[in-house]
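Here you get one chain, nothing else, as structure tokens; it is the form predicted on its own.
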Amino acid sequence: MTGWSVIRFLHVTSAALWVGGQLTVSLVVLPLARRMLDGEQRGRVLREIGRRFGLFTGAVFLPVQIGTGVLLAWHKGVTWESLAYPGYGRILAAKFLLFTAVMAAAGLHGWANGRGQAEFARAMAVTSLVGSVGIVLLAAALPPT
């Protein structure tokens, strides 16, 4: 195993934790919380889950994704110019743009939740989740170099 394998492992593992966390909360935790907890308990539990997920995102996910992503791009010789090339460059550019949009949606989700704008918060959560799955699809579509 090389150092680059470790960097790729960290990149993929943190992405899996973030996307998997979103899917787990959406598909497992939320339905159970809605069914088993009353309004006040549900709100308290879901706020705490959101707060911890936000802390994980800011303290672990973003630094690992950005740091390892930049290192992997540098290792593969990616330049700003090469992001316009068909194949690897364009797919990576699309992945980067979608990642930026997903982070904006996730931030707006937290902001809206804090201000009691449940409808907008839900729309941003769904946007973030769908975009995250799109990022995984784009990552899987990157041709080997």
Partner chain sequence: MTPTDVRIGPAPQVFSPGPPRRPRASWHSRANAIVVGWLALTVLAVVAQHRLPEPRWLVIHMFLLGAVTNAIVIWSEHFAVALLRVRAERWDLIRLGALNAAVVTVLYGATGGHPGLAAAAAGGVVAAVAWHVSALIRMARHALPSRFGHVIAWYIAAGVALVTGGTLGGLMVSQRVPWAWHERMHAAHAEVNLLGWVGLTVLGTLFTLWPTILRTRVSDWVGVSARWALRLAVPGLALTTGGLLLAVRWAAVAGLAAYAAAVAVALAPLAETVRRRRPHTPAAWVIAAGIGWFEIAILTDVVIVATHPQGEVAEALAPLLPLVILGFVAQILLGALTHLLPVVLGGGPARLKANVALLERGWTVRLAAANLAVPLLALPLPPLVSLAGWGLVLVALGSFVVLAVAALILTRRPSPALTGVVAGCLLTAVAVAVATSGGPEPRATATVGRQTVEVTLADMRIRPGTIQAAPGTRLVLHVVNRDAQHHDLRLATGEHTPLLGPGESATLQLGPLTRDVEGWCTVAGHRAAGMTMRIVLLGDHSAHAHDTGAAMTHNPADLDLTAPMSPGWKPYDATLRPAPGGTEHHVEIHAKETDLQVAPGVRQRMWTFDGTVPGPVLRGKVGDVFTITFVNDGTMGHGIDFHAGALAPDRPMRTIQPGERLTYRFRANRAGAWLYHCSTMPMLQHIANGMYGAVIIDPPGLPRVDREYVLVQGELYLGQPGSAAQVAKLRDGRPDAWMFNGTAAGYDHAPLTARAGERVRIWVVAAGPGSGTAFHIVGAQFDTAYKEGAYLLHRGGTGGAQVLDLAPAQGGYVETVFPEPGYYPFVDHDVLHGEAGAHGMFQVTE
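Numbering follows the first chain given and starts at 1. These figures come from a predicted structure and were not determined experimentally.
What comes next is about the form predicted together with its partner chain, which does not appear here.
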Exercise: residue 137 in contact with its partner chain in the predicted complex, heavy atom 4.5 Å:
yes
For residue 42, is any heavy atom within 4.5 Å of its partner chain in the predicted complex, or not?
no
Would residue 94 count as a contact of its partner chain in the predicted complex, using a 4.5 angstroms cut-off between non-hydrogen atoms?
yes
Partner contact for residue 90 in the predicted complex: its partner chain, 4.5 angstroms, heavy atom
yes
Heavy atoms within 4.5 Å of its partner chain in the predicted complex: which of the stretches 63-71, 97-105, 23-31, 49-57 has them?
97-105
Would you say all of 122, 127 and 130 touch its partner chain in the predicted complex, counting a heavy atom within 4.5 Å as a touch?
yes
